[in-house]
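First comes one chain, alone, set out as structure tokens in the form predicted on its own.
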């Protein structure tokens, strides 16, 4: 038990210090724009199909679940607004984070881990270049920026999925489904989703680059780094989801109390 706790604390401290080094590198020695846009393109292309399909079916599932409850109260006219609000606030950012952790996070960890065990990172350092600037920073920023594009795509597809399922399952036409979305999906809801997306992206980018960059032990070590990346990101995303929801609720109460 003590060994597990010690390993956990070591990983947390390592991630925090690694994130600090990335931010210091970003301020002092930013990466090249070409490398940054290349990583944004790669991350987006890798996950766009999976995210779009998952968003479509999540919207459909949310619509079915809300429709079952709202039929009893005769409030199906609000189906689109409530389903979309839930997706924007919680399901959308969480969906994007899980999609990225399963595909991009594992891939980035494996890629960097392979470079580490084959001494490519050491070779870059011997040539006088900074591995954080050349390899880590473009991938870190690429994951963070791409998450916003993927979030937008996932939310749009969830609305389409909800519209189709609302018409097929609950008999709500497209116009009625869309009518109450602007009234229920408020600016605080959108901001809450954006903040969650940004926090999840930072957590994912930090963990996957850290695990890959510090991998040791040859091919076996790379495999272990990928597994640890997947497990750690899933757990941390859930924890930070609770934390951001808790802080958001406190912020709303303070603002309403001040008014």
Partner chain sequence: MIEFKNLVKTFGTRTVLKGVSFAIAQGEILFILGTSGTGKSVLLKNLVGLMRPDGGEIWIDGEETSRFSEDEYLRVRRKVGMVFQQPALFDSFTVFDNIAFGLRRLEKLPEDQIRERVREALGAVHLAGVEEKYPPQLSYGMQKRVSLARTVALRPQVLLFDEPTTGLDPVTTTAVNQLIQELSRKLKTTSIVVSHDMNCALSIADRILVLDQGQIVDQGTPGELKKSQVPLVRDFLAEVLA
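Please read all numbers here as calculations on a predicted model, not as lab measurements. Positions refer to the first chain, counted from 1.
One more form of this protein exists, namely the form predicted in complex with the partner chain; it is left out here, but the text below deals with it.
Engineer: Does the trio 237, 245 and 249 actually contact the partner chain in the model of the complex, every residue with a heavy atom within 4.5 Å?
Structural biologist: Zero of three within 4.5 Å in the model of the complex.
Engineer: Please determine, with the chain shown alone, which of 182-190, 117-125, 93-101, 151-159 has non-hydrogen atoms within 4.5 Å of the partner chain in the model of the complex.
Structural biologist: Every other range fails; the passing one is 117-125.
Engineer: Answer for residue 176 alone: is it within 4.5 Å of the partner chain in the model of the complex, judged on heavy atom distances?
Structural biologist: Looking in the model of the complex, residue contacts with the partner chain do not include residue 176, since no heavy atom lies within 4.5 Å.
Engineer: Answer yes if any heavy atom of residue 33 is within 4.5 Å of a heavy atom of the partner chain in the model of the complex; otherwise answer no.
Structural biologist: Output for residue 33 is no: heavy atoms all beyond 4.5 Å of the partner chain.
Engineer: Spell out, yes or no, whether the shortest heavy atom distance between residue 129 and the partner chain in the model of the complex is within 4.5 Å.
Structural biologist: Yes, contact at 4.5 Å.
Engineer: Using a 4.5 Å cut-off on heavy atoms, what residues in 61-88 are near the partner chain in the model of the complex?
Structural biologist: Residues within 4.5 Å: none in this stretch.
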